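Given next are two forms of a protein chain, the same chain in both, each as structure tokens and marked structure 1 or structure 2.
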Structure 1
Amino acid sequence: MSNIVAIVGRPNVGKSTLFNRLLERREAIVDSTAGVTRDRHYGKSDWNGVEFTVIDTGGYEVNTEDVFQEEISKQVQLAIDEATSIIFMLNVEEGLTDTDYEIHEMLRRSNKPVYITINKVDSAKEEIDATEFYQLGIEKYFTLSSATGSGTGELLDQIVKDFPTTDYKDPFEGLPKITIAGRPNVGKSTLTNALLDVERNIVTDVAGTTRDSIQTLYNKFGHEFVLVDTAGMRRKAKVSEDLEFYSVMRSIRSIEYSDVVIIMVDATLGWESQDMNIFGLAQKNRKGIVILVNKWDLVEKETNTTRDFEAAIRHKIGQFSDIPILFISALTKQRILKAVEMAMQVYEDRKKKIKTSKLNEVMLPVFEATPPPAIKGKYIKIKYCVQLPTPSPQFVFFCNLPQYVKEPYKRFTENQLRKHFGFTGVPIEVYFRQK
């Protein structure tokens, strides 16, 4: 379970500069795969080996004066709902403004740990200027130069030290965790209610990460799982909040808690960029995925309607294409049991471990028959393979010249794994290593 650090503050104080600095180190190592679209407002970082998620809340910076205040309150509310820790960033160049006071007031009323951070403190002079911020009535602040990185260490030391200790006992340890994500009004609540006609909510209220997260046990028709639902997900989107950025950011925490993400799409609207963003989040976090096209009762059907609709979605989601897509109606309960069964199947596939002997027995002949193309007259020989003991399937293939194994062959390998072992709806990682 990941801790989430959100950065809030007025435009131009340096939020995205800090955000990029926090992500840089890690993305260089982890996100080296070509074709991974980088979300500019969300990412993973770590400090002294402690991993956390960072959100830059300044996703929508609208620069007209009147919507300004409203926009900032939304960003702060997002941080209060979703984050474990909040970095409130101020700018020493501009000094304190009315907006800063208002943000501070909102944060003060929340129960989240807030780190008041004065940015653009590039030298000793600004260090003195920063004392102005004591006017907020605070006892402590951090000074930072996001541009050079100085001060970051002290800030992160404190944040990481304050992360809630995980003596929290998950009451549903070991049960599949599922979240239903999607745009506002696609039918998430309708589906949830249809599944849980006997409601049994367990509110897990533990300081920090799990606060405001509701886990509901489902146990029917031989299936048992937990629906995960966070404060942000439950917050009914106001019309003005119906912005892509916020509803995507609001699903981060639920997605991170879950094993399987059900992405709900409105059949009358089709697959849009926001669905793509939620899909990207689930994929990046290596979660199992099921796509449900809801409100199918509203669609006028002809011979190929389902097939065409499915093809259109598959075309948009691209290479990772064995994701189950089901057409349902949460309202009439059509095929919702099928949807549950599919989510369970994906859950099982995600945690499936292939025995090393079996893996080698199947894959080595595949490589024998279709070896990687020789490069500069050098032949690549894959010697053996193992599955790693990770929560989602990851495989290591040992060979003589791993640097010569290119993207198309990695995809070929992934497809062969899917073909022989079946990993429906589950992201797979394959690595080639020297041996």
Structure 2
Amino acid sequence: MSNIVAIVGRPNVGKSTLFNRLLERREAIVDSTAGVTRDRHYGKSDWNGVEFTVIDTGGYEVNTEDVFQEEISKQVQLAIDEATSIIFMLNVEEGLTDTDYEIHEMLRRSNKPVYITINKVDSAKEEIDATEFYQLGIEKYFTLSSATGSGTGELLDQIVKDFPTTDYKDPFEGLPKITIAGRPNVGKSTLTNALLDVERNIVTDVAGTTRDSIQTLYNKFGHEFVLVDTAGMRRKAKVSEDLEFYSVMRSIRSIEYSDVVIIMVDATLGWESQDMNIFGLAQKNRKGIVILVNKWDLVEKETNTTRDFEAAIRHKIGQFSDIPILFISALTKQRILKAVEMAMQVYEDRKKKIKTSKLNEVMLPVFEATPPPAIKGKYIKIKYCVQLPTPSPQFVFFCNLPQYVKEPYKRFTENQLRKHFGFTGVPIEVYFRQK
């Protein structure tokens, strides 16, 4: 069982800055807009050789008109429930507030080790100002500057020392990583919550609620993988604020580090240019792809509605058409388990390795029956083929005149590989080389 440290506090006291410092990279989004972190966000850190998980939570507020606050409060409570230890972060510049008292009372009831941490303490004067926080009725607090890192060592020394165990096993290591991507408000978080049967992500009817990419372990019905819910990806022209820019960058990085990308499409809007951009990004990075058409329950259907919708998508994605397309409703949970099964099948196909002997046994007769077109009287003979030891399927075909093999024949070769060996939903790279 890993040790988990949750960072809790009011908005804008520096929780995400500390989170990033503990992870030693820009992982949570940091912005001067209060309430930037809405969902719980996880990262892995270590101190003096002891590894632990850190949770960055949304800012906790009371008596606010923010539409997200009720949901954020739920997320904070879930983080507290999961945590081994809690860093309660306060801000010396603003001093004690009524909300701080309420959070402290909530944490006291949790019966977890709570480390009162006063942020933005950079001078002797601020050290004196911090004594105000003794009014919480506490015996000890820690002062630090999460921006510069001063004071974090003493805090971490104490936290690690108090851990009930120092054994850490990363539950995500070696597991398939499946990323849910799509435009804002297509239902990515609703799907995540439906699959997990828990309110892991905040879901409201406001587009773009999820700003961070969130990783969760899925282990049900014989499948185990890491599920990544990403921020909605808009076109660059519509990304105006820095905050949104970082969210989109996070989504792109999530796709780059995933094995399979589930592209969610809003059935009421159809396949749009931004869906094509996400598809292109996944394809360029050689990821497995599954397309889910969500909100299918809201579409009025006639005899051929499903067939025509699927045909329209396949027409737009062009040559790489061997991709599973499923019609689902994340809200009613219609066909969501089928989506999981399909994503795992694509994962297995992506890592599939064909024995060299089998590859040659199948493909060489194909090339003999349908050889590449002769160029200027010169005949191309393919003599041997191998699969490269790469994360996604790549094949090399050795022949006498590789420079004369044109794109249509490369597509023919790819289609023959799919016909004989599968590779559903997986980009295939085909190379012709001199033998």
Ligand code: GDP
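Worth saying up front: this structure is predicted, and the values here are computed from it rather than measured. If you superpose the two forms and keep the largest set of C-alpha atoms that fall within 1.5 Å, you have the rigid core. Residue positions are counted from 1 along structure 1's sequence.
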*Index of the chain form predicted together with this ligand, chosen from the pair*: 1
*Does Ile375 show a Cα shift reaching 2 Å between structures 1 and 2 after rigid-core superposition?*
no
_Once you overlay the rigid core, does the Cα of Val13 travel 2 Å or further between structures 1 and 2?_
yes
*Fitting the rigid core first, would the Cα of Phe309 be found 2 Å or more away between structures 1 and 2?*
no
*On a rigid core superposition, how far has the CA of Leu156 moved between structures 1 and 2, in Å, if you could check?*
33.0
